[in-house]
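Presented as structure tokens, the chain that follows is alone, the form predicted on its own.
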């Protein structure tokens, strides 16, 4: 069973990892909403180091309001950035389940 479901609010962690990571700095510590589940895959951070025996990790699509990410730029309120994020980079928020 997946830890997150569509509609859940999540916060992107700042894990301080070096090397090949797929989480841009501007998205770390931001709060978004799960919009989809992509499946379970080997961790690309491990694969970049040649570790092909790692465990599989759930991958989610997470939406962020562009006005939240770039508050000093002029974005329409409905514009969102949707990015795929692996489970270990996500933490539930206090309003984790089915936020508006």
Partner chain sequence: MPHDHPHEEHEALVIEDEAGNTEAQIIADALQDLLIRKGLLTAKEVTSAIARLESPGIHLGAKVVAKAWTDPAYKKRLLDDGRAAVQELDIPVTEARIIVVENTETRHNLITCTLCSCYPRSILGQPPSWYISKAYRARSVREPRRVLSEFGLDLPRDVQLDVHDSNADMRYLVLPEPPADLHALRVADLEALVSRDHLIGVARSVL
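Positions refer to the first chain, counted from 1. Predicted model, so just to flag it, every value in this text is computed and none were measured.
If you look for the form predicted in complex with its partner chain, you will not find it shown, but the lines that follow are about it.
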Subject >> Full three-residue contact with its partner chain in the predicted complex, heavy atom 4.5 Å, for 21, 59 and 75 >> reply: yes
Original post:
So, in the predicted complex, is residue 33 in contact with its partner chain at a 4.5 angstroms heavy atom limit?
Top reply: no
Original post:
Wondering, does residue 87 line up within 4.5 Å of its partner chain in the predicted complex on heavy atoms?
Top reply: no
Original post:
How about residue 12: is it within 4.5 Å of its partner chain in the predicted complex, going by heavy atoms?
Top reply: no
Original post:
Should residue 49 be counted as a contact of its partner chain in the predicted complex, where contact means heavy atoms within 4.5 Å?
Top reply: no
**OP:** Enumerate the residues of 1 to 18 that have a non-hydrogen atom within 4.5 Å of its partner chain in the predicted complex, in sequence order, or give none.
**Re:** none
